[in-house]
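Have a look below at one chain only, the form predicted on its own, in structure tokens format.
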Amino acid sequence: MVTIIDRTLTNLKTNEINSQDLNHFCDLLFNCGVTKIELTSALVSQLKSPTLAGDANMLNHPGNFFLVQAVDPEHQKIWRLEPNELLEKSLPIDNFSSFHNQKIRLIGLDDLMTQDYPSFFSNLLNSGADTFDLCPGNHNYCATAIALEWLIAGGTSVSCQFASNHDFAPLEEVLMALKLHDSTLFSGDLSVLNELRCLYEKISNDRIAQNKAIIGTDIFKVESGIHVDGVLKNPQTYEPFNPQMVGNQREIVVGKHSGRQSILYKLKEQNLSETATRNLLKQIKGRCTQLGRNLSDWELRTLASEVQNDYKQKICC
């Protein structure tokens, strides 16, 4: 197993977070596979007692803390604090030095994927450091790949941030990559990610993009006719993993790109008659183009009723 450190809470404005949400957020992070949660002393003071066990003198530590899960003598899960003793460094790839017996967190390296990263990782692993945590920057959107390559190369610790857009490797992407690459490196339950996303948006007042990889609300919505036909026959043609794995679900939506298979599926889903499907498809495309968006289920039912009533009248005439 590898060590996954989450830095989300130390990089958010958490002045107004309440203890209940803080505890819940930490619970979800541990459930999804995080090993250590980085906290400031202010956040530690907001954790609800008696969840937190350990030495009270620990709070005199001047820097940040790591929250870890442990098991007490009665086999109950408890939380403990560790001082964050990692020394942050930004190391140029061509200026390597020895780190004998040091505890290092390496930051930056945004463009490492364009360089000889296997040799660089090998040098790090043989540097004699007591701990080497990699926290790659994400300004070139390569942090997830760098983190995964580091762990595959033999690295044992990475730092991430949930839903990170630029600064660090997105936690949810690293966890999913680990699960799909080698599940023996990972034991978390990713089905809590949807709940974690909702709570993150609440405490950060930051709306996560609907198309965000792994946790976006719309990434399993399917509209195009050929995509719907394919995903209904074999979900693996368009889905890299089961939506339920991340607490999401597949949704067929109707819009201007929908085809006959999409309409038949939606009519069957809502127990509507399949008569006049061709006329209904034309009406849907026209209505969606006019509105500039997809139709809701209620709008589809209304339109289907109108088209089918009109169809019956023409048959009678």
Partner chain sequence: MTINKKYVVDTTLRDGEQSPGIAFTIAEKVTIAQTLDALGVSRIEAGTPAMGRDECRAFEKIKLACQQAQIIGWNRMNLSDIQQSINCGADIIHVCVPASDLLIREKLRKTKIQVLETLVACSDVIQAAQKELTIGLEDASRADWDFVTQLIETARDLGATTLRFSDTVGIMSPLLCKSAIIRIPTDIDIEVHMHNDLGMAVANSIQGLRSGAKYADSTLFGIGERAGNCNLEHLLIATQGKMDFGINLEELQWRQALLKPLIFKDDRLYA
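The structure displayed is predicted, hence computed values, not measured ones. Between two forms, the rigid core is the largest collection of C-alphas that superpose within 1.5 Å. Numbering follows the first chain given and starts at 1.
Keep in mind the form predicted together with the partner chain is missing from the figure; the text below concerns it.
Judged by heavy atoms within 4.5 Å of the partner chain in the model of the complex, the contact stretch among the candidates 99 to 107, 127 to 135, 242 to 250, 210 to 218 is 210 to 218. None of L185, M113, L87, L199 but one reaches within 4.5 angstroms of the partner chain in the model of the complex through a heavy atom, and that residue is M113.
Among the residues I203, V192, L148, A163, the one placing a heavy atom within 4.5 Å of the partner chain in the model of the complex is L148. Contact check for A42: every heavy atom lies farther than 4.5 Å from the partner chain in the model of the complex. Using a 4.5 angstroms limit between non-hydrogen atoms, N123 is distant from the partner chain in the model of the complex. Proximity of S159 to the partner chain in the model of the complex: non-hydrogen atoms within 4.5 Å are absent; the residue sits far from the partner.
K48 falls outside the set of residues with a heavy atom inside 4.5 Å of the partner chain in the model of the complex.
Shown without its partner, the chain has no residue in segment 1 to 35 with a non-hydrogen atom within 4.5 angstroms of the partner chain in the model of the complex. Core-superposed comparison between this form and the one not shown: the CA of R293 exceeds or equals a 2 Å shift.
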